[in-house]
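Coming up is one lone chain in C-alpha cells, specifically the form predicted alone.
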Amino acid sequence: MSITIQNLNKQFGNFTALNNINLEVNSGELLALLGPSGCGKTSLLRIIGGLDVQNSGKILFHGTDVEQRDARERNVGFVFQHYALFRHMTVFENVAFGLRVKPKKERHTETEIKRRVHELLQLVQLDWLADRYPAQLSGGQRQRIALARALAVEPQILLLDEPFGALDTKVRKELRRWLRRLHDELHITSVFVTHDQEEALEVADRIVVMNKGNIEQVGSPDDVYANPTSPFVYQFIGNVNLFHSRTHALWTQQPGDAVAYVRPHDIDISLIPQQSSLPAVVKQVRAIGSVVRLEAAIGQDGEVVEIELSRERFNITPVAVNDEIFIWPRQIKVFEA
C-alpha cells in the first residue's frame, strides 16, 4: 500500500506544524521520519493515520484520497511510545482486542481469533506469555505485544510513533534490529517517527529529515549520512566539526564567507607536517570501545576539533595530552555562511 502526500499543511493557531509537505512512501517500505522535537514528524504521522486533520492538502492511499475516512476506516495499525496495553487484560486478550471489536459482519470466529493471536505471538516470539498481564512483562516485551496487537487487524499500513523511546539503550538496540527483521518478513508499508539518528540509520529503508515543519532531505540512510544537502542535516545526523573561512581556506581554497563541515572520523592526524595540514594541540584522549576520540585545539583562539580514530589507527600514531599534531580532512563539505 503506497502513501502519497500532496501539498500538506497543518497549523495550530499561529504555529505552522507542517509547511507544504510532499512525499511518496513506497509500498512495502520502512520509512523513518527523523527530526528534533517540534519539527512536525508526529503531526504528519497522525494525519496519515486519521488521528488529526490537515488544514489543506491530500493524503492518498494507493491513489485513493482518504480525507473522508476516519482512523478506523483507514486500515492502519498504530504503535505508540507508551505501549497503551490494557492492564486488566492478559497478553492474549490484548492482542485479540482489535479482532473482537470489529463490526459483526467482519468479525472472525472464536477459533479463527485464537489461531490468529497465537500466530502473532509466535511471530513476536512471545507465545509463552499469552496468559500473563502487562505488569508482569518487561518494557521490551510490552512493546512487542503492542506491535502484535497492531498487526492483529491485518493493517495495510503500520505507523509507529517513537516506538522504543521509553526503553533503555540495550533493549532499544535489540528491538530495532528485531523490528527490521520482522519488517523484512512481513513487508507492510511502515512509517516510524524517531528523533534518534542511529535508530533511523539502522532500521529504515529511507529517511525523511524534517525541520520546522519542512522536509530538509529524503534519501537512503547511506545517502543522507554521506551526502547531506543542508547544514541542518549535516549537524543533525552524526557528529560534525565546523570550520569557518579563516580556518578551512587552506583546505578548500574557497573565498568569501563559508562554513566547512567535517565528520570526526574524516579527520586524519600526523606527528609531522603534511601538505595542507593544520597544527593542533591535543587536549583530551578518550578510548571508547573500538574507537579513540581526541579533542584538539587549533588556532590562536583554541577552537576545539573532535577527531575519531579506530584503535588500529590510533596505535599507528599514539598521542597524549599536550602533544602537537597536524590534522587534515579526508572529506569536507562547504556551505555558504
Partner chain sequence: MSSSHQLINNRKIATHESKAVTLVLITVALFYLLLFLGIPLFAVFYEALGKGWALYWAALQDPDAWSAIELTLIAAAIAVPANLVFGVAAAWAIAKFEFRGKSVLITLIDLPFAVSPVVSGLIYVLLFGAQGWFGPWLQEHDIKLIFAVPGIVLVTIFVTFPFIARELIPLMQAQGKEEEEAAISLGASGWQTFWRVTVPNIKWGLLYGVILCNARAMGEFGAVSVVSGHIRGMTNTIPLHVEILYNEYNFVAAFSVASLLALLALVTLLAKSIVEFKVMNNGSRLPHGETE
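So that the term is clear: the rigid core is the largest set of C-alpha atoms that superpose within 1.5 Å between two forms. Residue numbers count along the first chain shown, from 1. Everything numeric in this text was worked out from a predicted model, so none of it was measured.
The next section is about a form of this same protein that is not shown, the form predicted in complex with the partner chain.
The stretch that touches the partner chain in the predicted complex, counting heavy atoms within 4.5 Å, is 98-106, out of 211-219, 177-185, 98-106, 224-232. The partner chain is not drawn, but in the predicted complex it has a heavy atom within 4.5 Å of Phe86. For the chain shown alone, His82 is a contact residue for the partner chain in the predicted complex, at least one non-hydrogen atom being within 4.5 angstroms. Although the partner is absent here, Leu158 is not a contact residue: none of its heavy atoms lies within 4.5 angstroms of the partner chain in the predicted complex. In the predicted complex, the partner chain sits beyond 4.5 Å of every heavy atom of Val259. Proximity to the partner chain in the predicted complex, defined as a heavy atom within 4.5 Å, singles out one entry of Leu167, Val240, Leu137, Val153, which is Val153. Between the options Leu123, Leu129, Val171, Ala71, the residue in contact with the partner chain in the predicted complex by a heavy atom within 4.5 angstroms is Ala71. With contact defined as any non-hydrogen atom lying within 4.5 angstroms of the partner chain in the predicted complex, the contacting residues in 25-56 are Arg46, Leu51, given in sequence order. After superposition on the rigid core, the Cα atom of Pro264 is displaced by less than 2 Å between the shown form and the other one.
Core-superposed comparison between the shown form and the other one: the C-alpha position of Ala135 differs by no less than 2 Å.
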